[in-house]
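Just one chain follows, in the form predicted on its own, and it is written as structure tokens.
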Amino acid sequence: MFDFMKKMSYKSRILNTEKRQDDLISLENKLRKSLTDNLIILRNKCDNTTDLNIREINISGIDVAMIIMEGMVNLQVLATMVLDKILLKDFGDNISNEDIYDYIEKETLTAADLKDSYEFDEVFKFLMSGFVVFLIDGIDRAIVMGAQGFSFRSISEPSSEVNEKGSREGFTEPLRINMTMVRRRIKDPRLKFELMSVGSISKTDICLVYMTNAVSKKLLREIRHKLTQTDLEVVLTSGYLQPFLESKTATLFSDVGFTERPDTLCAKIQEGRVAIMVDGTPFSLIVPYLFTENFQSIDDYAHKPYYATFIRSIKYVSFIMSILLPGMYVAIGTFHPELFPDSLLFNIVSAQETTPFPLVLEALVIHFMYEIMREAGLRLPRPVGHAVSIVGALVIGDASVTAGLVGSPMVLVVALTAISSFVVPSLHEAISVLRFAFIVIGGTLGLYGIALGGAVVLTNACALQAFGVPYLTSIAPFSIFSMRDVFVRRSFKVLQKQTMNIKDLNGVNIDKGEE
């Protein structure tokens, strides 16, 4: 009993010590009444960084400091809206510190984004977001005004989601502009933007976007929890947050989607999804994301239903071909040559007689060379990237066949596989890895290995769940209702009869009792 009481007393002292330390840190973070002390602390915390600009003004014997980060503020707006009004105002002699504070806050600053700040951390966040900070001697709070003027890329056409008849607008880097593009498309008060901050050093702004009437409360709560648990120091792009939102199941597929199109994002949140926009990147995350959505595009809803269905069927066939074609060619050529027609078999045999490598090694080498040239063409500047394409055509298409390193049928297989993989660009990562895996399986186990590997991949995809939503839902478990916009695309006369919500699909394990 004595030992238990001793341990409890020790824990109590530890907790009290930690609480006192937190209180001290909180007090140190508070703004002081002395302007000199505040400026000294600001400079020390920034280590006298060059882009911290402090302009000190004396108004009727009272010191006022205007603080900005160089290059983050519109100087013309600042001069016309603020400085001219303050410097030309005759305050007289009998004026207090609070009178100057009230005049600057209520009569001088006309910006809509105006706040009071009481802590240094908050002041730094505002400064580095393009705000102007005013500190007045004798007052322990600051005025912060939004006067952002930093340079950014203008709104342009999305580079990764090209379309024929849809909008040409794509997200850009500043978060507020992206929020505006979404709000302009959905003029409904139930559209909600929820701002958060992630990254202990970068303090990157992120925004949850959802429809309050469609989203599941449980889904929203779990996403918030996962985002608050991200123990990252710096978040520079949406890809930093993707692993924290994905399912824990080991898989090559991702149940978190990307988009840089505002219209696509609006369509997804209308179905009960949650979009996550990250300041500094044009790519927004969509949670949860389904496998079938990789084969959909905004153009599907601009074309006739029969043509959209035809295009989707091409995409599904291209996906299967890009994964299985090289492996099946190697498997049939190595273990099951009787499956080839006689004329085709004679051509393959004559081509392989001049090559020194077996089919499996030949396929691995030539696909590896293709991946190298693709990566080089992607990373190099565009003028040089065209040269890589020419060199690739010469190396793979002509020189390798002429030198007898690879056979011409294998070059045809590589070309068909490469073109097919471009049809579904969002699945390129999984396609690239699975293609090599099936080449090895086909070269060692034949068609039986291909069938077994396909079953493993399918089982893995079926086991994948994002926040209780099966990755293959609509297909497995099957839903006849959502099939109207999966393999086929029905007309809007049919689609408008009932809106699809992600929480109403078969197999979805979202607690509807909390709605």
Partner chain sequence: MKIQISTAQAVMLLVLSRMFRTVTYSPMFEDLTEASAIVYADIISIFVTLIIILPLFILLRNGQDDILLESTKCSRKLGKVVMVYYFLLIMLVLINTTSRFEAFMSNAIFPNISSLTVIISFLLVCLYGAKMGFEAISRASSILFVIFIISLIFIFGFSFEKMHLVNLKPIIDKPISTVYELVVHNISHNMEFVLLVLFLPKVKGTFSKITLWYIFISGIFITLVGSITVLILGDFTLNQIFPFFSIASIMEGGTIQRMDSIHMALWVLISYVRVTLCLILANEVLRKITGAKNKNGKELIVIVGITAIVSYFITLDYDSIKWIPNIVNTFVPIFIATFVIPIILLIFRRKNKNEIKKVNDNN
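Numbering follows the first chain given and starts at 1. Quick caveat: nothing in here was measured; it's all calculated off a predicted structure.
The following text describes the form predicted together with its partner chain, which does not appear among the structures shown.
For this session: Name the stretch: of 458 to 466, 57 to 65, 28 to 36, 41 to 49, exactly one has residues whose heavy atoms fall within 4.5 Å of its partner chain in the predicted complex.
Result: Looking at the other structure, the answer is 458 to 466.
Exercise. Using 4.5 Å between non-hydrogen atoms, is Leu452 touching its partner chain in the predicted complex?
Worked result: Flag for Leu452 set to yes.
For this session: Would you please decide whether Phe481 lies within 4.5 angstroms of its partner chain in the predicted complex, comparing each non-hydrogen atom pair?
Result: No, Phe481 stays farther than 4.5 Å from its partner chain in the predicted complex.
For this session: Answer yes if any heavy atom of Pro341 is within 4.5 Å of a heavy atom of its partner chain in the predicted complex; otherwise answer no.
Result: Because a heavy atom of Pro341 falls inside 4.5 Å of its partner chain in the predicted complex, the answer is yes.
Exercise. So in the predicted complex, does any heavy atom of Thr108 sit within 4.5 Å of its partner chain?
Worked result: No - in the predicted complex, heavy atoms of Thr108 and its partner chain never come within 4.5 Å of each other.
Exercise. Just one of His336, Arg379, His428, Lys165 has a heavy atom within 4.5 Å of its partner chain in the predicted complex. Which one?
Worked result: So the residue touching its partner chain in the predicted complex, by this definition, is His336.
Problem set entry | Proximity to its partner chain in the predicted complex, single hit among Leu325, Leu220, Leu445, Ile155 (heavy atom within 4.5 Å) | Going through each option in turn, the one that passes is Leu445.
For this session: Pull the contact list for 234 to 256: residues with a heavy atom within 4.5 Å of its partner chain in the predicted complex, in sequence order.
Result: The stretch touches the partner through Thr249, Ala250.
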